[in-house]
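As structure tokens, one chain now follows by itself in the form predicted on its own.
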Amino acid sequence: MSTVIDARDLTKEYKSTLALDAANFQIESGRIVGLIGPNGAGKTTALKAILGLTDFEGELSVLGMDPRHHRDRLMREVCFIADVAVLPRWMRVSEAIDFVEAVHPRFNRARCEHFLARTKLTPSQKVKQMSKGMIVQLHLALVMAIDARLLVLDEPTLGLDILYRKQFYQTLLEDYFDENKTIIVTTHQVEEIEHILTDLMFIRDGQIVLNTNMDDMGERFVELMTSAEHADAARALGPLDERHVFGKCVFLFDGVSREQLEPLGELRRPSVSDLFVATMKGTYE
């Protein structure tokens, strides 16, 4: 397994705001990584640095290249989606295909047309005549026809309803991803991508505060649901977070053995959403 991205002391300052604060992380090939953080945490700045869209301090290698100096070469191996709704409304399906074919050297027109043949889209159809679902289908066909080693998705399903969001990620997983590709995705709909992730990174105030694969997350973190009579015993074990649901106490633990917790109540694997909320508590205070 090779390293696709290697960031060391990655730092970016906008006037008086420190968007990235000596962030360190590595991403290996063949992984689907969720980069999750609250607004203003540094997610988009990190993606811009990876894509060579902003300068920075520190060291950053993407596919063995420095994005500051080799951006043209890097873009031959990368595909970036900020929002599936960015296609111009006047553009026809055929014009969108022509445009992507002209700008990306790894675009496979036949593959794109193969995907479009499974839809009701026609070459002469304009974006303004399409439903949101059709736009998703067009955008997916364009993306999946690019044989990029790195796919970067920044809130790619913003504004779409849940059916189209699920379709987007499912198609990406079934028809695009393989062990030679790496995907980085940021989204506020964490619960919708949890099932496709192999790795998880939480970013807060420009720093990576959690970096784990999903298997290790299930081993490291555990939720305990217990009654009030066992609550003090649970608190004595130093939970990361505590909340109350239907008269029960729910504690989130980091690195506490299941043997210690089992006598106190019901154990379960926390969701990424619950872990995120616990990790980010105090961010908006």
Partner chain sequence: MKTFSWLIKREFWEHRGSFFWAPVITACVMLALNLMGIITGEVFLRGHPSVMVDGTHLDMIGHYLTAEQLRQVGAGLDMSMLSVTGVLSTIMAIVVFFYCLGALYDDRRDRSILFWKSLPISDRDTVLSKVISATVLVPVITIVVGILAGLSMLVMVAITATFHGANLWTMLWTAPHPFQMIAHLLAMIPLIFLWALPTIGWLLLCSAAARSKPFLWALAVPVGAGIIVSWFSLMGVFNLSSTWFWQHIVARMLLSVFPGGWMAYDPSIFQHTESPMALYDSLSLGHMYASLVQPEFWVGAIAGIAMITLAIFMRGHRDDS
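Keep in mind that what you see is a predicted model, and the values were worked out from it rather than measured. The term rigid core refers to the maximal set of C-alpha atoms that superpose within 1.5 Å between the two forms. Residue numbers count along the first chain shown, from 1.
Keep in mind the form predicted together with its partner chain is missing from the figure; the text below concerns it.
Interface residue remark: K181 is not counted as part of the site for its partner chain in the model of the complex, having no heavy atom within 4.5 Å.
When its partner chain is considered in the model of the complex, K48 lines it closely, a heavy atom lying within 4.5 Å. Its partner chain in the model of the complex comes within 4.5 Å of a heavy atom belonging to D72. With a 4.5 Å cutoff on heavy atoms, P123 does not count as touching its partner chain in the model of the complex; it lies far away. Checked against its partner chain in the model of the complex, the residues M134, V190, L87, I208 give one hit for a heavy atom within 4.5 Å, which is L87. Among the residues L197, V100, A148, L160, the one placing a heavy atom within 4.5 Å of its partner chain in the model of the complex is V100. This chain is displayed without its partner chain, yet in the model of the complex the stretch 48-56 from 218-226, 23-31, 48-56, 250-258 comes within 4.5 Å of it by heavy atoms. Looking at 3-26, the residues that come within 4.5 Å of its partner chain in the model of the complex, counting any heavy atom, are K12, Y14. Residue displacement note: Q189 has its CA displaced by under 2 Å between this form and the one not shown (rigid core superposed). After superposition on the rigid core, displacement of the C-alpha of I135 between this form and the one not shown amounts to 2 Å or more.
After superposing the rigid core, the C-alpha of R76 moves by less than 2 Å between this form and the one not shown.
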